[in-house]
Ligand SMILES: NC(=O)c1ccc[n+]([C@@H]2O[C@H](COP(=O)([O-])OP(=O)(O)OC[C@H]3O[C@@H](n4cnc5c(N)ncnc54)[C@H](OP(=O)(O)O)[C@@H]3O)[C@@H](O)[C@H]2O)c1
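Okay, so here's just one chain, in structure tokens, the form predicted on its own.
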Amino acid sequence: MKYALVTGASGGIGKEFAIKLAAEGWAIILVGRNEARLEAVRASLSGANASASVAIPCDLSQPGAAGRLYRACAERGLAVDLLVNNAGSGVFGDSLSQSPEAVEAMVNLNVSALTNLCALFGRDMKARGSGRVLNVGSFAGLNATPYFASYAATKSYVLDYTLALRAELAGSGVVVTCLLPGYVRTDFDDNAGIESDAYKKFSRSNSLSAEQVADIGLAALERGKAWTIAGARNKLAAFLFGLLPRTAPPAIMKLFLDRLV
């Protein structure tokens, strides 16, 4: 029996990853902060090994959380063959006015926890000669983004780290892939502190469903791709932005966002 560990599994993209992987025959290790929601997802899973799935409550934004999660799996005898680093958060607004505590928690979750989980479970995979890692970055990580400055920077890190780790593990039997979604129909906007109805309307009208994004990510992982952008519009925007000087996209984004917020 093979286990897939999915962080941020209590809802959104993480929940869809868990559902789809369970249907493929994986036993799922569901990780998130809300135990009741994790258990509800676990109860909804169906598949050959769904009954072996477990929920492990863990707040990965806290220092040392990745190590605690790794030890919790080891104590249960759970060997992770697929790691889906999906958990992430954003902080929206003027960078100089954001709560230091909120920014620190976001960096811990988006950067530190992801990095440490890759290292801890990745070394086990390398020792076994097989395994897969899917890190969820963001389209925002491709360019500096005003009002999402620190969030976009953390997601830029996710892509760069993933590609470097992939190169290090080449030939080891461990495949590492990065998924870059754009707008997704989840609770992200509300959790990031976005209050603008105009922004939320734009976000909803240009978003993919969590199920669509999970499908794209798993397909990319199955094909062994290094990274993929979710959605044709996002791929086109990334191509066009890529033709510009590095300073142009953030300037364009600021003009655009100023009209929405």
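This is a predicted model, so every value here is computed, not measured. Numbers follow the displayed sequence, beginning with 1.
Although it is not shown, the form predicted in complex with the ligand is what the next lines describe.
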| item | value |
| --- | --- |
| Listed residue (Val174, Cys118, Ala149, Val184) with a non-hydrogen atom within 4.5 angstroms of the ligand in the predicted bound form | Val184 |
| Answer range among 70-78, 120-128, 83-91, 165-173 for contact with the ligand, defined in the predicted bound form as heavy atoms within 4.5 Å | 83-91 |
| Any non-hydrogen atom of Gln212 within 4.5 angstroms of the ligand in the predicted bound form | no |
| The ligand contact in the predicted bound form: Asn34, any heavy atom under 4.5 Å | yes |
| Non-hydrogen atom contact Cys178 with the ligand in the predicted bound form at 4.5 angstroms | no |
| Exercise: Ile229 in contact with the ligand in the predicted bound form, heavy atom 4.5 Å | no |
| Sequence-ordered list of residues in 53-79 near the ligand in the predicted bound form, where near means a heavy atom within 4.5 Å | Cys58, Asp59, Leu60, Ser61 |
